[in-house]
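Quick heads-up: it's one chain on its own, the form predicted on its own, in structure tokens.
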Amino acid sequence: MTSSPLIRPDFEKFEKIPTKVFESAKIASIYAAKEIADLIKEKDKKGEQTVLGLATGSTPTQVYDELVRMHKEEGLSFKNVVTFNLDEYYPMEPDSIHSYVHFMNEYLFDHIDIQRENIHIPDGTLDRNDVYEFCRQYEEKIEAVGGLDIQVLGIGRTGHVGFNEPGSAETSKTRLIALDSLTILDAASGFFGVENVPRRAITMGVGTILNADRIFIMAWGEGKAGIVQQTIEGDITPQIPATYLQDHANVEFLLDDASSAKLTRSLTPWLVGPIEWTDQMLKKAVVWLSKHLQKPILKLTDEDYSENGMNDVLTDIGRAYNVNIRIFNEIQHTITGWPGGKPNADDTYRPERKEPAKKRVLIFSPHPDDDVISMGGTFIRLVDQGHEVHVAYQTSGNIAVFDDEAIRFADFVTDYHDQFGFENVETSKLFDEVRASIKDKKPGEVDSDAVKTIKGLIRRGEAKAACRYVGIPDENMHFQDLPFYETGKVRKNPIGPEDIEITKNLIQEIKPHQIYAAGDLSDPHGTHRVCLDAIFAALRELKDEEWMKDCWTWLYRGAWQEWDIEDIEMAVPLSPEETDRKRRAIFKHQSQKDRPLFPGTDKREFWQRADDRTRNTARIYDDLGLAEYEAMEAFVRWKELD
């Protein structure tokens, strides 16, 4: 079920591509898979082949999961299906774990009954002189089967489709192309470092894609919201190749709520047409107007409202003065220096309860540094104010450690035994084993068990150091090492019963009054998302416990994204001293210092991103006319079980 219908008439003046917004990526993916399956069945009845253009990357994986499920559970056959993949890195061996041949086999082809001769993927092993002829023949093969019936697309942060980077022509065909620096940076996590990403790729052209009878282009998450808005609402430009889709007669853009956030229908729906002015919508609109006009909330006038498409606020609710006071007070009430509640105070308008005065607090950290990066100031404040604070590190974080760090620590263990005269044959072999394992390892290859263990211990030691600096006793540090993460690869396993059980047992043991969890869905690895699902599943299973009636869950965000001001329900201001203490706690994570292995699209260090995010939040509160603070950490309360 979608949260909004296919391009209503009142969207047409803004949206130039038919767009469906779904509650989640999974629901959107099921919709796309069903459309593909229906076409396959329809063509099967006519004895015709179905020709699919397929994409790779994280975006279409749930579409493929659903197609595999339909094959196994509903008998959907792919014997009459021909596929052409969009692209492949160049150079690239097909048996490499980074190849799109490997990707397609892992996610789709190995699990269905497609005939291998019907699978076409660009060849990354070709001699450079043979690439042009291969590309010409690729185009001919597509034409020979009647063209693409359906083309599945994702969209890159540069607006590329396939590997058609900015500057690609609308009529371009299959060819070898140089990758944009942002595309390379986005791919770095999968290749365990920017230096391992190929600089070129073979890709279908924009013209090839536009020749498909039907196109599904998909995007998930807040990180894609900006380029989605430019593609759907902006002008056609070679600098954003996806905008060429505006000219296609049968294209649908499938989005989840997060990726649609910057569309006019989501960001400023009152400009699209009449809306219901709920409390949340009014707050969103007033904050937008204040930021748009660069005026504090209390200085907004009736004319400001009426001249910016919000005249019905004055008609339905009242004059600007009264609306301004109401929203100003609501935002003011989110600010508290007492994240655990202020003892002996009137908590009517405070975000947290005053009782019990000393709370049991459980902070979940997906990786071993997310706690101090994302909410380090609040962490420090909770400890300083005397609450019983526990931290649960949900994963080992072992894949985010450089190989030379593992060698250094293995060397330390060996030298330790040598220096102190301890005889241990196994330990003496450790350094040689680790060094040999890493030397022989190909980029992105899974580490040996010994290397994974050492890397995990490095992250664990850093987390302990940060906790001790903050003031957490060792017995309040919990290292869960959730099984879903321990694949040694960037791609993790789906969340399983064991992950949920481990999470549930810890919550049950502590019986917290407060839980803090990472609600950052823009994490490029998806680990935050899976860890949050494990927490939610555990809380749902525990919902009937008596102590759960007094347990509140607060969601923080990480280094990539902050909550929108209208969504924030608790804002904890940080002093310059607390900001500096938070920074020093982050510095305890030395393996992530200077150059993290998986930087995402931001090259800055995590402490710099965290500083910028919290200072910007404080700046926005100041711009809205509220008190000026050094920095602020923001939280949204999860209320599903209320």
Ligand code: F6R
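Counting begins at 1, following the sequence as shown. Keep in mind that what you see is a predicted model, and the values were worked out from it rather than measured.
Unshown form predicted together with this ligand; subsequent notes refer to it.
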Discussion item. Under a 4.5 angstroms heavy atom criterion, identify the one residue in Ala585, Leu574, Ala28, Ala55 near this ligand in the predicted bound form.
Written reply: Ala55
Worksheet item: Between the options Tyr516, Tyr100, Phe84, Phe216, which residue brings a heavy atom to within 4.5 Å of this ligand in the predicted bound form?
Response: Tyr100
Worksheet entry | this ligand contact at Pro351 in the predicted bound form, heavy atom, 4.5 Å | no
Fill in: in the predicted bound form, Ile155 touching this ligand (heavy atom, 4.5 Å)
yes
Worksheet item: If you check in the predicted bound form, is Ile327 within 4.5 Å of this ligand, heavy atoms only?
Response: no
Discussion item. Is Val161 near this ligand? Define near as a heavy atom within 4.5 Å, in the predicted bound form.
Written reply: yes
Discussion item. For the interface check, one of 161 to 169, 316 to 324, 528 to 536, 398 to 406 should have non-hydrogen atoms within 4.5 Å of this ligand in the predicted bound form; which one?
Written reply: 161 to 169
Item to complete: Scan 70 to 84 and note down the residues that get a heavy atom within 4.5 Å of this ligand in the predicted bound form; none is a fine answer too.
Response: none
